[in-house]
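Okay, so we've got the same protein chain twice, two forms, each given alone as structure tokens, structure 1 and structure 2.
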Structure 1
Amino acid sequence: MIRYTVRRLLWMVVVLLGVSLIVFSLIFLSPGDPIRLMLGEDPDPDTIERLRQHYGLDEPFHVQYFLWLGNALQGDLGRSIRQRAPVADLVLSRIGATIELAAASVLLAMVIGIPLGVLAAVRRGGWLDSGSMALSLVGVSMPNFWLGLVLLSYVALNVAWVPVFGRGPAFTQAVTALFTAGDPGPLWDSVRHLLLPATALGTAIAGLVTRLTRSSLLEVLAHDYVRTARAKGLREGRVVNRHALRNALLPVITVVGLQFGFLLGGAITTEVVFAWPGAGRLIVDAIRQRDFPIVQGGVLLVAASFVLINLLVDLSYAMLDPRIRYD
């Protein structure tokens, strides 16, 4: 396990170096001068040149890249051209909101998708199976930004307690306030702000989890050890929950982990629709403003989170299935 983890960590470094090079190259080749955008119309040429030297934009590509990479390895992702603040502080202050939204979406998808998938597999061929598969197909087919707009139009504007935009208190702070001060207000405020964006993001994942749970469980239920458990006289619920479902969840966990990683970078449209103050919205605003340091640092941190989540998903296999060994 230790050797496997070390190898994966080394590959993480290689992947992140590749991501950093691709992102830096694309931004370097993109049109637009961030200095001119920052200074507005008719800027002074001397001021433009001085600022370009200050931010290192007058250097060749390879010099700019290696200077940025060397600083990034020390934890310095540069300073925002527009906001005049460290990029690392800006992204880290926003990425918590993105992780919170992604976690809520994945949790909602698992709470809905796994039970529906189990019921569909156990009641194979029945109306419950057909209905859950139809719902999952609808959920997978709906774009999250379109569903978000629908929820805003027909739910948020007609249900008084559901906010239209923004984020409530951080979920972790709200839980802390509940247990320390006994105040449920912040937790309720956080949950009701999360409800619509998490639903918009989690619906497609719930449909995917439902279909995958059903197919995986049907395959496991046909194995010999499941038939042996039934032959011993165990109740069907115990056979499914204790013997079959645990192994059937391995591919589900893989997909859920990958989807969680995708949501860290793919929740941008939902964050924009619901004015959610996450890292995705910060990156979108930086792209519009040609604030290149934020784009580079934000994408690198999101990529690092994605690769780390993949590693944690792989390591979780051994906890679910003792037969799996990595050494």
Structure 2
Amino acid sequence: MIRYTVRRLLWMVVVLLGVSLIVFSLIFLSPGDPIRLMLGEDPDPDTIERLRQHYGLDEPFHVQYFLWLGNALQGDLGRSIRQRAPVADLVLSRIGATIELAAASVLLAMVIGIPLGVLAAVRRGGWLDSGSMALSLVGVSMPNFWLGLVLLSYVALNVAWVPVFGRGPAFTQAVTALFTAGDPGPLWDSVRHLLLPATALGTAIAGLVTRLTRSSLLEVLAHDYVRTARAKGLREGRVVNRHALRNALLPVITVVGLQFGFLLGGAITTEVVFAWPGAGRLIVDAIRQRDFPIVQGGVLLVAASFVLINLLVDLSYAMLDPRIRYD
């Protein structure tokens, strides 16, 4: 396990370096001079030259890249052109909201998807099976931001306790408030704000989880040890829940973990629909204002979280299933 972990960690460093190179090159190649953007209309040519030297923009590509990388490794991702604040602070203050939304979506997807998948597998070939499969396919096919818009116009505007926009208190803080002050108010506020965005973002994953749970459970149910359990005279419910489902859920959990990373990217449109103050919306706003340091830093940090989450999923899977380590 240690060898596997070290190998994966080293590979993660290479991936992160590659990702940083892609992100840097993208902005380097972008048309438009950041200094001119910073100074606005009719800037003084001397000032432009001075600032170009100051920021090292007159250096060749590789020197600029290593300068930027060196700073990034020390937590300095540059300053926002419009907001005049450190990019790292801006992105880090928003990424918690994105992770919270992604986590809520994944949780919702599992709560809906796993029971539906189990039902479909147990009643294979019946109407419950075809119904849940059809439902999951529809779920997978709907664009999350459109579902968000539909939920907004048909639910949020008609149900008084469902808020239309924004985020409540941070979920972790709300839970802390519940346990320290015994006040359930912030938690309720947090959950009701999460409900629609998480549904919009999580529906496609729920579809995926349903299908995966079904196929994985069907495979496990065909194994000899399940036949043994049945032969012992165990009730079907116990066979499925205690013997088959535990093993069937392993691949489901892996895929869900990987989807969590994807959600960090997919959350962008949902964040825009629900005015959710996450990193995705920060990046989109920055693109509109041509504030490239934020785009650069934001994409890098979101990508780094994605790589890190994938690593954690891989490691936990390798811990649960020893066969993976020897691949």
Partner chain sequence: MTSERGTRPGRRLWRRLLSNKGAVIGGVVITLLIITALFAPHITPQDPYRQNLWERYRPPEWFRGERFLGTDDLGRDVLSRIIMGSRVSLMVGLVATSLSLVGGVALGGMAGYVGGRTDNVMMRLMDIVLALPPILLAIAIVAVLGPNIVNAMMAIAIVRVPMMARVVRSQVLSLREEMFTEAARAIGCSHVRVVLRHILINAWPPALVLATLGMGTAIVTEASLSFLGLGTQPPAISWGRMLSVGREAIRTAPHVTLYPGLAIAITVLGFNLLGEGLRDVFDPHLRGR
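C-alpha atoms forming the largest set that superposes within 1.5 Å between two forms make up the rigid core. It should be emphasised that the depicted structure is a prediction, and the values quoted were computed from it without experimental measurement. Here, a residue number simply tells you its place in the sequence of structure 1, counted from 1.
Colleague: Give me a 1 or a 2 for the form predicted on its own.
Modeller: Structure 1, not 2.
Colleague: Core-aligned, does residue 277 move its Cα 2 Å or more between structures 1 and 2?
Modeller: Residue 277: C-alpha displaced by less than 2 Å between structures 1 and 2.
Colleague: Does residue 141 shift between structures 1 and 2 by 2 angstroms or more at the C-alpha, the core having been superposed?
Modeller: Shift at residue 141: below 2 Å after core fit.
Colleague: Relative to the superposed rigid core, does residue 76 relocate between structures 1 and 2 - that is, does its Cα move 2 Å or more?
Modeller: Yes, shifts by 2 Å or more.
Colleague: If the core is used for the superposition, what shift in Å does the C-alpha of residue 56 show between structures 1 and 2?
Modeller: For residue 56, the alpha-carbon shift amounts to 2.9 Å.
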